[in-house]
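Next up: just one chain, as structure tokens, the form predicted on its own.
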């Protein structure tokens, strides 16, 4: 019989301890973000997928199609093409595809670009049930932004 009362007292004590903790945090301000109406502000060091940086004068990508980002990518998720156009010095970027399904966000592509043509985007809310939605045409995305 004495074991029964010990358990009853112990259970009541732990109940009041739990209610005390709940009451303490109940009075603190809410930190939950109401997701669809509010958005998280990304930190400066956030790594989203890569994106091309436009030239300030022309609005075209700074990329000169050297291929160092493609060679430096351990995931082999970058494919790019360029062509030599008449009257233009060097190659012109015609295709830049990023397969984000295999990208590991390691940053080798951004580090290996000596011309400052790549950076990490601030896109964080990427969700889709289709794999095709994560294969990005970065030239098209750059034109849509500007």
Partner chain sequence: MPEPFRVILFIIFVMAFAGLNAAYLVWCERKGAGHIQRRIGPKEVGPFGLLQPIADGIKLMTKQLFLPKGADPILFMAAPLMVMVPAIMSFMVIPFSETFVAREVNIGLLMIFAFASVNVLGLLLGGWGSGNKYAVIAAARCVSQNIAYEIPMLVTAITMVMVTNTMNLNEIVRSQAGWFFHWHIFRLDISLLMPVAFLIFFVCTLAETNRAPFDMAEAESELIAGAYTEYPGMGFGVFFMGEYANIVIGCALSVILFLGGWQSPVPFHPAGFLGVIWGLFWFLTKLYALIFTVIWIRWTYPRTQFYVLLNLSWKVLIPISLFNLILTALQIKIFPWL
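Superpose the two forms; the largest set of C-alphas matching within 1.5 Å is the rigid core. Residue numbers count along the first chain shown, from 1. A quick note: this is a predicted structure, and the numbers were derived from the prediction, not measured.
Just so it is clear, the following notes concern the form predicted together with its partner chain, a form of the same protein that is not shown.
- Looking at residue 15, you'd find a heavy atom of it within 4.5 angstroms of its partner chain in the model of the complex.
- Of the heavy atoms in residue 44, none are within 4.5 Å of its partner chain in the model of the complex.
- Looking at residue 126, you'd find every heavy atom of it more than 4.5 angstroms from its partner chain in the model of the complex.
- None of the heavy atoms of residue 10 is located within 4.5 Å of its partner chain in the model of the complex.
- Just one listed stretch, out of 81-89, 28-36, 63-71, 97-105, contacts its partner chain in the model of the complex at the 4.5 Å heavy atom level, and that stretch is 28-36.
- Superposition of the core reveals a Cα shift of less than 2 Å for residue 105 between the shown form and the other one.
- A movement of the C-alpha atom of residue 55 falling short of 2 angstroms is seen between the shown form and the other one when the two forms are aligned on their rigid core.
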